[in-house]
Ligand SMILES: NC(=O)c1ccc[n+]([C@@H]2O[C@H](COP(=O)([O-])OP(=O)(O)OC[C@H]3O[C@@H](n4cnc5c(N)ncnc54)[C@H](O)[C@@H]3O)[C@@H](O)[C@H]2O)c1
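Consider the single chain below, provided in structure tokens and representing the form predicted on its own.
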Amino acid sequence: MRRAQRRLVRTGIIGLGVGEKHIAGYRRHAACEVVALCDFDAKKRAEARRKYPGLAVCANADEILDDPGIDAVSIASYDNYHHDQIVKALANNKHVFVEKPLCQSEGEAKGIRRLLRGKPRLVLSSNLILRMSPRFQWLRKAITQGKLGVPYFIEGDYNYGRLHKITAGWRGKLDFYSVVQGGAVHVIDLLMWLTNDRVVEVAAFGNRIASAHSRFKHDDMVVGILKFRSGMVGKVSANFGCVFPHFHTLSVYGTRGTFVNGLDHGQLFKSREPGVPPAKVALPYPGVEKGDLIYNFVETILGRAEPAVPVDDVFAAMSVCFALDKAAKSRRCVSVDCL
């Protein structure tokens, strides 16, 4: 009886960096209640208590993961904690919304996949937020309607433009950090979502020239070539050291038209003649907030909507990430192992 009187979905949030943005996302849904926040940083906990009176604030994620009164959890902790926290959340029958990357290795991903197969009622999704950009939603519809013809080449770059985040921030302190998993995953998911296609094979190279002589010991730039199931070819890069604003470059080449994403607006080219100007696509980019996928996540839990980022798509994007990391290390082409 008490269950019927309270809100339907009680949530906890682990990690109050980007995770703080999730609070507003949950609070937009009338059937959802944020009840607990967690961060191991004492200053962030003190600030959370000031800003969000009435919410439980803790230092240990297990207080949220073990709480039987919490139905869903946002995991926005450092990348190296994601796997163990996801596993514990699923084991305790909690729905999971996780910041990218899902986890850090193929073995971890396979373990999560096995757990989910045994708990089909649970919803797992990831914050692949570029799907919510009005400009990219328009582009997906245009591709589906054939306005670009048949796509045959697509490329995108994750230009992070924040070198200090890996040379001075928490990423540089981890035993392993992948700019592909932590950055390019957004663009990888975008390319597959836009074209409704899957990557089957990759090649990749990387370097750490931009972060040389820093404590960051992994590639800060990786570029990959993608072979899609349809025969389309793609290119993707993660460029964390670029002297450039944070931006997602994107070009889609089709047999009838080409789309190019720009800082101010997109451009749709429908002619090969140099004197014919492209059509301007002025829809907002990115035009989204970090918590904008959460309303749909809650709707999916309640059985009222299809997921905006289905679990199969989360694993598909991570499969490409793992293959790219292998290819950059081995200098060989690598088949994508669909998880």
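The first residue of the shown sequence is 1; numbering continues from there. Quick caveat: nothing in here was measured; it's all calculated off a predicted structure.
Although it is not shown, the form predicted together with this ligand is what the next lines describe.
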Quick one: which of 199-207, 147-155, 99-107, 115-123 gets within 4.5 Å of this ligand in the model of the complex, going by heavy atoms? 99-107
Would Y78 show up as a contact with this ligand in the model of the complex if we use heavy atoms at 4.5 Å? yes
H82, heavy atom within 4.5 angstroms of this ligand in the model of the complex: yes
Contact of I86 with this ligand in the model of the complex (heavy atom, 4.5 Å): no
Classify D312 as contacting or not contacting this ligand in the model of the complex by the rule of any non-hydrogen atom within 4.5 angstroms, answering yes or no. no
Identify which of H218, R140, H186, K227 has a heavy atom within 4.5 Å of this ligand in the model of the complex; exactly one of them does. H186
Just give me the residues of 24-46, first to last, that have a heavy atom within 4.5 Å of this ligand in the model of the complex. C38, D39, F40, D41, K44
